[in-house]
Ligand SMILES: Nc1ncnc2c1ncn2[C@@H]1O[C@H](COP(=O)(O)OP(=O)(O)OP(=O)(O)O)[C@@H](O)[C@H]1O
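Next comes just one chain, in structure tokens: the form predicted alone.
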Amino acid sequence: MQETISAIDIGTTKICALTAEVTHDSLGNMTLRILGEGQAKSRGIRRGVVMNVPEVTAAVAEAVEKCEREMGQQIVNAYVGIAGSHIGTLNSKGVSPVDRRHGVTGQDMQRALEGARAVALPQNQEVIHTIARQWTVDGQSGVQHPVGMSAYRLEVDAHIVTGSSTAINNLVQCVVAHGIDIDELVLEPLASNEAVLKPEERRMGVAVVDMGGGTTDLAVFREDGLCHTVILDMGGNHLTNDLGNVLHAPFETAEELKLRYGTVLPERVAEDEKVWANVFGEKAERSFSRRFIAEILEARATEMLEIIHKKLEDSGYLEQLPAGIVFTGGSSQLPGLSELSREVLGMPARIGIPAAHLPIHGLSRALQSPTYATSIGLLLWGLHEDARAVHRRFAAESNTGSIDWAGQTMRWLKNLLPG
């Protein structure tokens, strides 16, 4: 039977559904082959949060049906990305005793994680991820893989990602309405990291900045583990709105100007270069200086980069990122962003593109773009989810035979290890 993995990325500007076949080479390595792709324009979402369930449900249906038609079969289950201003994070510790005769087991690690997960949360907040940052075995810290180690006491330093129960349930409702079971809700910068980061970047210290239409997701990785996460209430739409407000142009016109002529380096634009666009109150198109458009975009982009700098400074990780920043997401494609970032942030910066070295075959040229980093990352997250068999066994043995929305058992093994 063909084994497949599906992903649904529900963003502020677009919804993307992907399905890939899992293949095995002669050495037992798993790779993916893209079977189907479907996209739809987002409706009913603002700043990453579902505001209109029927509209989002219809948009998800459009993307899913396109993907199903292309691959010739239905999507039964999928990994679904989640972000939005409702996301919160905190760090927590958990402890588990260890039977020294047998050494540290997976069950010991799970108990420690459950202890870390047992934190007091604000009303209407629930845990999405519990991710091990590092393990401590009998006082020896910095352990990455403690299984089998002889010990009396196991401690975990975990990163907890939470979200609004209301926002989560609304998002889930838009997916399950199509008969699709959710394998797991995955924080979008976690998914993006799978697609755009190099192992040495994760190990040394790097920040992923996923710039979407409504939000910008910031995640810090060190020593192969997620250390810090924050969702910023700003995105590409802020750049478009600035253009629209200053030029007195409709949002769609401002978006087209940004995409066709935009750059955040006005000094690279000729002073006499003109562009034409429709504006409010005038029948004929009006001319604008392309350099002036670039100056508007530069001002907002600089402000956004300064906010990112402040968030990194507040987190304490600003000086611990030798690999710098990797930008991804649709808004990261604005020309000049990496150069401006190096100037404002004073650290290395590059644009993260799903690379050729990834274990995925059949990526169209369109998918090889920062815009689809989260979608591709969700597939890779599923590929690396070695607990699929555990999930199926646990589901079969459960009293109800059902699986909760977050696929808790699905990520049981993955959460035992950093990154």
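Treat the numbers as computed from the prediction; the structure is a model and nothing was measured. In case it trips you up, residue 1 is the first one in the sequence shown, and so on.
There is also a form predicted in complex with this ligand; it is not shown, and the following applies to it.
Taken together, 81, 164 and 169 are entirely out of contact with this ligand in the predicted complex: none brings a heavy atom within 4.5 Å. Stretch 232 to 240 is the answer when you ask which of 232 to 240, 93 to 101, 177 to 185, 138 to 146 has residues with heavy atoms within 4.5 Å of this ligand in the predicted complex. Residue contact with this ligand in the predicted complex: residue 193 places no heavy atom within 4.5 Å of it. Although the partner is absent here, residue 275 lies well away from this ligand in the predicted complex, with no heavy atom inside 4.5 Å. Contact check for residue 173: every heavy atom lies farther than 4.5 Å from this ligand in the predicted complex. In the predicted complex, this ligand lies farther than 4.5 Å from every heavy atom of residue 341.
Just one of 108, 298, 155, 255 comes within 4.5 Å of this ligand in the predicted complex, counting any heavy atom, and that one is 255. Just one of 334, 294, 345, 249 comes within 4.5 Å of this ligand in the predicted complex, counting any heavy atom, and that one is 334. Residues are counted as partner-facing when one of their heavy atoms sits within 4.5 Å of this ligand in the predicted complex; in 213 to 229 these are 213, 214, 215, in sequence order.
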